[in-house]
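To begin, one chain is listed below as structure tokens, in the form predicted alone.
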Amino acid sequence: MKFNILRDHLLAGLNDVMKAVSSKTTIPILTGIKIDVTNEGMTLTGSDADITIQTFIPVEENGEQIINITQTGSIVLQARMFNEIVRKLPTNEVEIEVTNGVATIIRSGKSEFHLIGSDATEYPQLPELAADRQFTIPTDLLKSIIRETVFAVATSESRPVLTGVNWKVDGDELICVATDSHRLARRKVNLENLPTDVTSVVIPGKSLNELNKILEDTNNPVQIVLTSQHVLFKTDDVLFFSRLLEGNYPDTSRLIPEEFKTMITINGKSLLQAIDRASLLAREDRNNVVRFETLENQTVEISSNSPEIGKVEEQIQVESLEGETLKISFSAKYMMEALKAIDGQDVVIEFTGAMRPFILRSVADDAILQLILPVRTY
């Protein structure tokens, strides 16, 4: 194998696939990156057995010659080392040559590295996914779905299935739900060509976070293929595979209350800032609890006190306040994350009592729903 490539394009590809490579893998070859060179271009693959990222660099793009291929072939090179070397090469022209088996030479300018690679045939094969079960989502919509749900996944492994986001197909609606059993985030979106055979999968939160870093802010479509064990996200030049979490995701629809005793419409941004200020004094050990109380004439009071530090109170005008008076306490962190997911719009908050879960949604639509369990403070 022998080819020349422009360093900036190689680095951009490496940046994507490095996100899947883990140093803590039990399969030694997965600490490497697989390089496949064909006459069309070069494919880089990185994997930690749960996530696999593959990116393609074409021979030429927009009339610019990126790769000059003398001989095709494939090799696996130590990922961290190869990435560091490419990053520090002196010129933008890189020549890579594999001689007798796995000995690899990397040349650039007057610099020459000799690396010992591994046989590419030992690298695990990617799962074959049938392309007939795919549907598409615009990239910017997919990024916002991830942003509005993934923060609510569980971080502890005591119930592994809760560390993922449940994607459920219901007719032509995709419902994405994440919960850590203290709060819940749900996003609904209408799409065409949704699969009919695989209707509920749990995608690891970690995979969605990595995918979010790779996706660019465009409205180009992302093709998604769901199977019973894997999900594949496919853009123009990146393939992102993730293993799915096993186990049944709990039915969360019954957690969401149907009727409410108190309804408040309020500006999301001003509430977020008030809770942020109140949480400055909220005691760390009580997982920063703030109190929320409805007052007369369309105001609510946000307060927090800590015997050692002091206390804070702030009153906010609300746009509408209906139903019973209410005193409730909740985690400032959960409330702030929920408000950030709804993102600066006017928010409707619906309560069913001081010890019952309450929900937040945008005034405009109920595509985004956030549910939070209150905290006992008496």
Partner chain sequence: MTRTIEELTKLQPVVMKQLQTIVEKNRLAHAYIFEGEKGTGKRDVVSFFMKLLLCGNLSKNVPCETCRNCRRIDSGNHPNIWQIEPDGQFIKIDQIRELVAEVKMTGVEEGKKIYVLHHADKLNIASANMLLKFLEEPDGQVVAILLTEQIQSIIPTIRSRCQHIKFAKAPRTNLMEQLIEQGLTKSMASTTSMVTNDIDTAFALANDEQFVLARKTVLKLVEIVHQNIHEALLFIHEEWLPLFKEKEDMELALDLLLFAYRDIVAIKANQQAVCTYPDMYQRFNDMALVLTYEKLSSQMQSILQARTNLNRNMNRTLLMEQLMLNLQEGYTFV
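The term rigid core refers to the maximal set of C-alpha atoms that superpose within 1.5 Å between the two forms. Residue numbers count along the first chain shown, from 1. Please read these numbers as outputs of a predicted model, since none were measured by experiment.
If you look for the form predicted together with its partner chain, you will not find it shown, but the lines that follow are about it.
Taking non-hydrogen atoms only, residue 62 never approaches its partner chain to within 4.5 angstroms in the model of the complex. Proximity of residue 100 to its partner chain in the model of the complex: non-hydrogen atoms within 4.5 Å are absent; the residue sits far from the partner. Residue contact with its partner chain in the model of the complex: residue 157 places a heavy atom within 4.5 Å of it. For the chain shown alone, residue 233 is not a contact residue for its partner chain in the model of the complex, no non-hydrogen atom being within 4.5 angstroms. Taking 133, 243, 107, 168 one by one, only a single residue has any non-hydrogen atom within 4.5 Å of its partner chain in the model of the complex, and it is 243. Put simply, of 216, 172, 197, 119 only one has a heavy atom within 4.5 Å of its partner chain in the model of the complex, and it is 119. Here the chain stands by itself, but in the model of the complex one stretch of 136-144, 245-253, 293-301, 109-117, 245-253, has heavy atoms within 4.5 Å of its partner chain. Shown without its partner, the chain has 204, 228, 229, 230 in segment 195-234 as residues with a non-hydrogen atom within 4.5 angstroms of its partner chain in the model of the complex. The two forms, fitted on the rigid core, differ between this form and the one not shown by 2 Å or more at the CA of residue 76.
Once the rigid core is used as the reference frame, the Cα position of residue 36 differs between this form and the one not shown by 2 Å or more. Residue 102 is among the residues whose C-alpha shifts by 2 Å or more between this form and the one not shown once the rigid core is aligned.
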